[in-house]
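Starting off, we have a lone chain in the form predicted on its own, written out as structure tokens.
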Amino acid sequence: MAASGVSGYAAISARVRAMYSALLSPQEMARLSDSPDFQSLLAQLKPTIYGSYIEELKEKELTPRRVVFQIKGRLAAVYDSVIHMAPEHTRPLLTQLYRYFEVENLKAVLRGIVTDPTWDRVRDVLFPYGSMSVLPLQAMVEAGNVSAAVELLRGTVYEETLSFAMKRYSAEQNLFPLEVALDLNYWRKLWQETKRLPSKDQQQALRVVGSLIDMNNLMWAIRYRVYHELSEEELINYTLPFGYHLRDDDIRSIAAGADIASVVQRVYPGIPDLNILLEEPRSGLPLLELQLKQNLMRQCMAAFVGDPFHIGIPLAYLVLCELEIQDMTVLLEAMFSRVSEEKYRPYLLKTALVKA
């Protein structure tokens, strides 16, 4: 059982800092992005921390989807290790953070049931969550329809959330209410677990968790207004009424039709070409989200500066691991599809930053 206080963080802080040093540097990411083709990229990945995961694949399995699935196994292993090393009072928060991938798996299964209900197709897009998840995902796919699949979640932490949302799904036959319900429930619980921490840990955790929540909530609000043209009431209902720097008033302003750029500029000052990004949302919003993720990266790197005895360091490391795999996914898919460098390089997070 992990101790609390400085003694409880001594071991995990040293271990996480060692794992942090094994993350790919911006220079290494740039070198990977210079690979001439997909096979060369795989060869360059072999000496990295991802090499052993890729080597488990047979030659015919070397596709972006399968390789990404394998390297996500590294993230699953990291979560398992960090959660078990962490002081006991922080484990509910870390476990809830990890549950993000379980929620994503649930949404992928629901989409699979609607579009292509075969387990072999759905399985390859799931996150390798491991033994920490006991959800009957294969049985859900094989149930053949959404209602029967949701019934299989009785007794799980998702039963109440999905049972309520199923009323709207049944009326509209649209997965949107189910996915929104899962997302909002996840982030509410993550916020609640953060707020339960003692003062010092809570302050450090908010730099990471709060930044994550702000980024997601802001992008939801913008997309709901720009793409989905939701009513003011719907937009408010489908977003979160709390945040770190993003306030409920900011979300309500966007919902009411206020200038989006002014809200973004207040929370994230200094974003270049913001008005241009918002004028061309189809191309601009992905680039805006990329800049928000780079801001999140900076927040995570800042956690490693100064006092090492707090939950912010493990949290920051876990988020950085996920962002690195997002970069790897962009690279693998671009190389396999022979996308030109000028098209994919702007979407690489790490090459735009200097590692702290």
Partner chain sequence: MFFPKEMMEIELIVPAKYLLAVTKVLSGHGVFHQADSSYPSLGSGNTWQESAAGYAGLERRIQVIMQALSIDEGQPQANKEFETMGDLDVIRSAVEGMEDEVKQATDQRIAEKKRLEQLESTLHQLQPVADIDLDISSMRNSRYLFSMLGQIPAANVERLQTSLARVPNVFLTLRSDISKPVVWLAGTQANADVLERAARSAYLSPLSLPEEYHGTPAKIIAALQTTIESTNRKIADLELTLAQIGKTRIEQLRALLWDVHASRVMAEAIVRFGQLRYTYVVTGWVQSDDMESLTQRLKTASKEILIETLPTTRSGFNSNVPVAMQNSKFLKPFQMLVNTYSRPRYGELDPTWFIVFMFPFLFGAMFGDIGQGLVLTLLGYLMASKKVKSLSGLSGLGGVVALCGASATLFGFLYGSIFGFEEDVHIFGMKLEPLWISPIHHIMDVLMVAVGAGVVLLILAYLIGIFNYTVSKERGHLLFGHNGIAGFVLYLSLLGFGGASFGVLPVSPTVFLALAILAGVGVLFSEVFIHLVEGHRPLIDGGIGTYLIQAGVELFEVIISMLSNTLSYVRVGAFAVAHGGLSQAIFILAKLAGGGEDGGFGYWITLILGNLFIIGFEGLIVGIQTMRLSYYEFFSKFFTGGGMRFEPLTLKPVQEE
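Residue numbers count along the first chain shown, from 1. Given the structure is predicted, the values throughout are model-derived calculations rather than measurements.
The same protein also has a form predicted together with the partner chain, omitted here; what follows describes it.
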property: The unique member of 97, 215, 181, 106 whose heavy atoms fall within 4.5 Å of the partner chain in the predicted complex; result: 181
property: Answer option from 273, 259, 279, 232, heavy atom within 4.5 Å of the partner chain in the predicted complex; result: 232
property: Exercise: residue 15 in contact with the partner chain in the predicted complex, heavy atom 4.5 Å; result: yes
property: Interface membership of residue 177, the partner chain in the predicted complex, 4.5 Å heavy atom rule; result: yes
property: Contact label in the predicted complex: residue 163 to the partner chain, heavy atom within 4.5 Å; result: yes
property: 4.5 Å heavy atom contact, residue 123 and the partner chain in the predicted complex; result: no
property: Contact stretch among 265 to 273, 196 to 204, 69 to 77, 247 to 255 - heavy atom within 4.5 Å of the partner chain in the predicted complex; result: 247 to 255
